[in-house]
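Structure 1 and structure 2 below are two forms of the same protein chain, each written out on its own as structure tokens.
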Structure 1
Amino acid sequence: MSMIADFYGGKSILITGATGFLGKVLMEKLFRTSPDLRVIYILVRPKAGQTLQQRVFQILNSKLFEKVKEVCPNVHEKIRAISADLNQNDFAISKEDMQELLSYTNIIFHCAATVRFDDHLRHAVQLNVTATQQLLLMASQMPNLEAFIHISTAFSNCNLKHIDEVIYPCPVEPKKIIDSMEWLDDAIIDEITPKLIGDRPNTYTYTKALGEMVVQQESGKLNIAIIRPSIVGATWQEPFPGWVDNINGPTGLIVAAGKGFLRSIRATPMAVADLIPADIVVNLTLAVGWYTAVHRPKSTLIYHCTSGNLNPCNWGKMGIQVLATFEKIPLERAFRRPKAEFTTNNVTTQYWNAVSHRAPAMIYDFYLRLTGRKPRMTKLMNRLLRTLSMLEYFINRSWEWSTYNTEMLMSKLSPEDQRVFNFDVRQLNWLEYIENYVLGVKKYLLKEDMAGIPEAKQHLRRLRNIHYLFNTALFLIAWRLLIARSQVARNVWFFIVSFCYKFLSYFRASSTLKV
């Protein structure tokens, strides 16, 4: 009998960010392991012309929820979508909905955030700091609340090398930042942003750190815990391996590599790739929810959900395995054959960007123009290079995260809970995981049919032949131009030709003698 699954039975659970990558995996696991929970409230905003109901319908009808429907056939009745926008005052929740939330909620999982690295500071503060503050205020008015679980990131203190499970204060108080965002205009905010974020690489990591400070300062009498996952990747085991449905983190680069757009990357092969599968994050989150509510630790505990110190993998190993998987299971309609160079300095990066990224894009655009079509590859390549430059910070450094609280929690679980809510990353086999991740990208994100693999392989063979042909033509043209201009090149050419001629004549003569 799982104590954790049992604990969530009959509970009313509020999830923010339930339509996001992690939120969906969290909901799925809750319904699958505790089908007798009372209700899951999700705060959803209408989006892209879809109503709330359409959004929920789409989630519940996705492949991710197939198993849930078997164990919890009335899942539609147990999910209650509440119209809310976390950027608005009181989240723009109606009075009736607010009343219901305040009266019934037992557990809150706060997953919503902007995860964009380039978000304007005003927007990132609004969502990652102010909204967290507002949610805590709401939580403090909930008489039946047992635990508030805040999802942060292991990179909220990425300006440090060794990170403990503690909150590191930022120099400027979050309250001051929140206030100033209300009256400063965009131009001034742009000017002060680099000073505020200091040695962090972007507004995302900075505002997530401020969010943690808010949680600590506003916790009052609430039972709170913070979870800090590192780079969340596709699922490892549950509900099935390889599930992923957005391009954040490594996923986008895996697609770009498989489609042949990404051919070189400025990354340190030996740097630790601190990936953590989404289902491990979710299992830890649910275990933390249970522990925080039942054991009520005296202070706010922080749990690192990372892999590096227990079962490290590095970017080099990951890159090799990604490419090895694409050899066996290629993506459809690739632009070029998957291949990748790891570069570590500016000069080689610029060289490979010019040769492997910009030049092929320009040639392809020239071909599109010649055939009367609109050029698009250079624009796409520029966006990829911009994305790469934003991710570079994370693939050229290693961090050490201590995991005492996470390990302590594991030791408190019964053997059954350790099995059902497994967050022991030591059991993960990286090569197998990465292969399933790549397969998942193909199947669940790109929705490519496995039956198309022979055609995809055929396409890659064609690309290889075009590549050989192109290189030979390029060599001949270059050589011809060189011969026309340089006496030395001509001499070398005649020397090679006469040498080959003599060699062939000797070979022919000796074979005639043998006969």
Structure 2
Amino acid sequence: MSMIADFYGGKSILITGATGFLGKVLMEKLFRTSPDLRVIYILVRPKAGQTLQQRVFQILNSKLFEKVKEVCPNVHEKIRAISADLNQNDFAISKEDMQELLSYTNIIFHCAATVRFDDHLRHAVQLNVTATQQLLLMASQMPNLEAFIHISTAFSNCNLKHIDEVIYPCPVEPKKIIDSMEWLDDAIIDEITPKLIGDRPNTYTYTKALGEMVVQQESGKLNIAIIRPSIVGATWQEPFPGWVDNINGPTGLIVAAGKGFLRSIRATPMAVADLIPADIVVNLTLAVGWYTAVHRPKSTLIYHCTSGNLNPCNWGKMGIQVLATFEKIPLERAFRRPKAEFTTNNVTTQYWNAVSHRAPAMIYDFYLRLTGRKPRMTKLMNRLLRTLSMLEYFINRSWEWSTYNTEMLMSKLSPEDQRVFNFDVRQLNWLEYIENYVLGVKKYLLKEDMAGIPEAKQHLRRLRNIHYLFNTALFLIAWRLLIARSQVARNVWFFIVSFCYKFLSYFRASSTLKV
């Protein structure tokens, strides 16, 4: 019998961010392993045209919850959706709902956050810092609360090379940042943002670090733990391999590469791609919830959920595996384009790729206008290139994360719990995982028909050849313009032509003598 699964039986659990990717996987695992839990409260923001119950049914009707319905047929009765908005004071929760949460909640999993790298600092502070502070205030009023688990990110301290399982202080106190966001106008915030985030790359990593400080400062007598996952990707094993439902992180790169939007990336091939499957994160999270509630550690423990230190896979190897998988499983839905090629990081490549990406997009949009349709390719390409520029910081660096607490926790689990709640990343086979990842993108995210693979392969080969011809023509035009304007270029061209002519003459003479 699993001690962890038994622990969550009969519990009332509050999950923030339950409508997000990780929140859904967490909820699924809880219902599948502990179907006798009392209730899961989820905070849901009101959405025009949809009731809270409709949003719950939309979640439960996805492929992800198929196995849950077998072991917990009344699962819809065990989800209690609470109307809430994390951008508002007290989350705009009604008095009745607030009283119910305060009276019955046993475990809190705080997964909600904005994960947009380029989010405005005011909004990022509100969701990643202020909302965390308000939730901790709620938690302090819950008489039956046993554990508060905060999901952070392994990149909250990405300005450091080696990162331990400790909370690192930020130069400015979170309270001062929260207070200043209430009265400063956007223009001033924009001006001071680079100075505040310092050597961190974006507002996301900065505000997640502030959120950890808030957890430390506001914890009081609560039993709290912090989990820091790295780049969260598709599921590894549970409830089935390769499940994913959004285009964040590596998923967006896979979609863009598979459809031909992305033909190259500026990456350091030997940099570690610290990818971690969503089900590994969830298994660790549930194990941490059990350990924190039952063993009640004296201090707030931080758990790193990363792969690079135990089972590393670099970006070069991952790129090769993705491309090898495309040979077997091409993505053919929507815009069809040639496959991607992964290149090293240099300025010339960056400039050429920008031209190579945008020029075909502009030509395609011109064709759409001629046929009376709305142009969209250039907009999509600009969005992709902007996303890539924000990811460059992470795909050109490597970090070292200590995992002492994570390994300690693994040693505390029974053999049955190590099986049911497996978070040992050393068992992960990257080649198999990447193949399932691409397959999952095709099946679950893009909802493509697997029967069309042979036709898609042939179509992609044709389009790849067209792409090569376009690049060749583009190069020849650029070279011709250069020759017309530069004497040095003309001299080089005449030298090459003369050399080729002499080589061919020599080759013919040699062939004649042999005869």
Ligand SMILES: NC(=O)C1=CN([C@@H]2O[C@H](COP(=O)(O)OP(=O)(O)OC[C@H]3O[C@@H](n4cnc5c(N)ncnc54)[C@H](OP(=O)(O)O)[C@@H]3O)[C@@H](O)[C@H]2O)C=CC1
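Each residue is numbered by where it sits in the sequence of structure 1, with counting from 1. Only the largest set of C-alpha atoms that superpose within 1.5 Å between the two forms is called the rigid core. The structure displayed is predicted, hence computed values, not measured ones.
*Asks:* Which of these two chains, shown alone, is the form predicted alone?
*Replies:* Structure 2 is the one predicted alone.
*Asks:* Any CA movement of 2 Å or more for K47 between structures 1 and 2, core superposed?
*Replies:* True for K47: a C-alpha shift of 2 Å or more.
*Asks:* Once the two forms are fitted on their rigid core, how many angstrom does the CA of S498 move between structures 1 and 2?
*Replies:* So the C-alpha of S498 has moved 14.1 Å between structures 1 and 2.
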